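Shown next are two forms of a single protein chain, provided one at a time as structure tokens under the names structure 1 and structure 2.
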Structure 1
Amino acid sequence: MKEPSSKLEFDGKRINISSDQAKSVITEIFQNIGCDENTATIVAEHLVDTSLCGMESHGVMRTLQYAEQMQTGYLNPRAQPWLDISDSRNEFVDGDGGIGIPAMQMAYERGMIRSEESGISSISVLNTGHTGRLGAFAEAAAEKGFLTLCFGGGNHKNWKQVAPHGGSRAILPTNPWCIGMPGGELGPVVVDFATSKIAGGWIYAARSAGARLPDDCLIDRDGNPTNDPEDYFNGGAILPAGGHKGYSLALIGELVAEALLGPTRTECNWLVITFDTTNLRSCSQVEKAAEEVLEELRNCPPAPGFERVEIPGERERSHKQISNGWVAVPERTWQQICDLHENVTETHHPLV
């Protein structure tokens, strides 16, 4: 069992939960809130798998956020995403105002089918809530020989999270970018990052666990540095990753979501571009050439303070393997999930 590479700084302890138990509890939570069995299962499996990969900011902790958004009516728990193929030049998935994980999965699956037919495809994803860990979809596609690019976001009027470079007030969402492609012998290369210094999920995770965040990531409502998550919820902001570079990528994502695909409904709009790499080279040729590059990078002497040079995507797969079906969750967070499970079970299945 391996603890996640966490950004949380707290004095509490973690408890180990089997992936089967976590999936069962989370599936029942979403079913009792109103999701059908298929949606509840897809979301639960995605969140648990993300925790197994060590990505705590997008893992089982998100159960609390998603459940609250469904209970308040922000998200439609009974949503059924659907694919519109009436215009072959502009196919899109409509998330029906629900959680975006099933919608994004549908978009990637359709993109692979389309790119097999024409070499390259673009699918829009509209009217969704949070879409989970984008890297999970990109990795699944890369394992089948596809290069994918996903970016977007939107609805900055309701999701003011990140200050622009040089600004002191939150204006933009975290607007992540995700690229996945077939890699070498150890699997695909997956680049999945928020355009902010930390993903918004880390702030929710810190609040849930009673933890603090790393320095130089947040500012309070007056523009002063802070590592207290409550300062963010009280009018603060996340700083952009890499200064002007993260800000620029966030801005492009926002313009694509709002100006090109908009107007946004619910939370966000996305553009998923899929390319069939076998149009250029065979899978074996790509893997061999990629491994030559990746091996040289892995063998690069580490800089002071680092153990080794890592390849994007490999850490998550390694963490999942070492985790061996167990997730390490902050005790306080897991208790909140269990309390939620008990509450929604009693509400929807009252004792007689």
Structure 2
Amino acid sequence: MKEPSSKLEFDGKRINISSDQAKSVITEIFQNIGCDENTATIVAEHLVDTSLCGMESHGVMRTLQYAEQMQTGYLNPRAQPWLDISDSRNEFVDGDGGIGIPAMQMAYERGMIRSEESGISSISVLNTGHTGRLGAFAEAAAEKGFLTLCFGGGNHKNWKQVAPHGGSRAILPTNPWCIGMPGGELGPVVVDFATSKIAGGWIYAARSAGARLPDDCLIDRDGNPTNDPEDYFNGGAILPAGGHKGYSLALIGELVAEALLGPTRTECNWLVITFDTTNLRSCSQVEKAAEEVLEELRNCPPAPGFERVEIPGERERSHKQISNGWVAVPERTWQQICDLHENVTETHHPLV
């Protein structure tokens, strides 16, 4: 059974926008909504980079969601994430109720510094909105020789999306796990997945397109299998990935976020664990040994229905290379972003 593609499929046209133009427009949007220049730039660069990597669901289209969340007061546009290092055993980043991308970047950066000193570190990340593509932080850290694990979630009272294994009601969020590990000649191995069979965005996309979802992804309100996205909105649920295994990982994330770091105030809480691999072996030693394993996997004959065996993280890097600095945005999405840009620019400069 082939997994659903991670790309949003739709019938409309796409428009090619240079990454510089996209960054400039998105930065201005966030600045005009109230973000300072640093935050606006970090978020814009993250979203454009994610689109260049082909992760459209977490890319420039999120501008619209984040902007709305700031405009409605769900997120604090003026948030200034800050790092608390007063207790060396319990360092944390407080996201100040804002978008989580700058907070997560701060946590990974601090995690690397601390693990260089002590081998391994943990930084909690509290009080943030959406944290973007976690794999981007994991990849950047792995390129410098750090193994990272990031998990968490929380706030299941507001985000009931996924049924526990064996259950017929949505109780948990899609709580992702992200792991980055220095890899072979082609770069880090980046694992970044929702613990549910499919991400929530898929259901909205299928509903909007009038499409049905693949088998074994959804149950209806009675716990029976269904392919109809409407059943989800009528009390159904997404199934956990790998049955009890995905359920267990989601539950650990929820307990970490709520029982250990919680209660969640904004959207999610996270734990970022960073391990400095260079304390054990040099980067070139790790690369050489990793390449042996990875090469064998790349050379594995594909199963029927597959083109090849992929190494997690390579698809995104390859997409970025091919993109060559141009983002292919659905025309309608780009128009909405431009409308928003115009709208907030006018709001910001009412007398111009």
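Every residue number counts along structure 1's sequence, beginning with 1. Heads up, when I say rigid core I mean the largest set of C-alphas that superpose within 1.5 Å between the two forms. What you are looking at is a predicted structure, and each value in this text was computed from that prediction instead of being measured.
Between the two displayed forms of this chain, it is structure 1 that matches the form predicted on its own. After superposition on the rigid core, the Cα of residue 84 moves by less than 2 Å between structures 1 and 2.
Relative to the superposed core, residue 207 undergoes a C-alpha shift of no less than 2 Å between structures 1 and 2.
The two forms, fitted on the rigid core, differ between structures 1 and 2 by 2 Å or more at the CA of residue 217. When the rigid core is fitted, residue 229 shows a C-alpha shift of 6.5 Å between structures 1 and 2.
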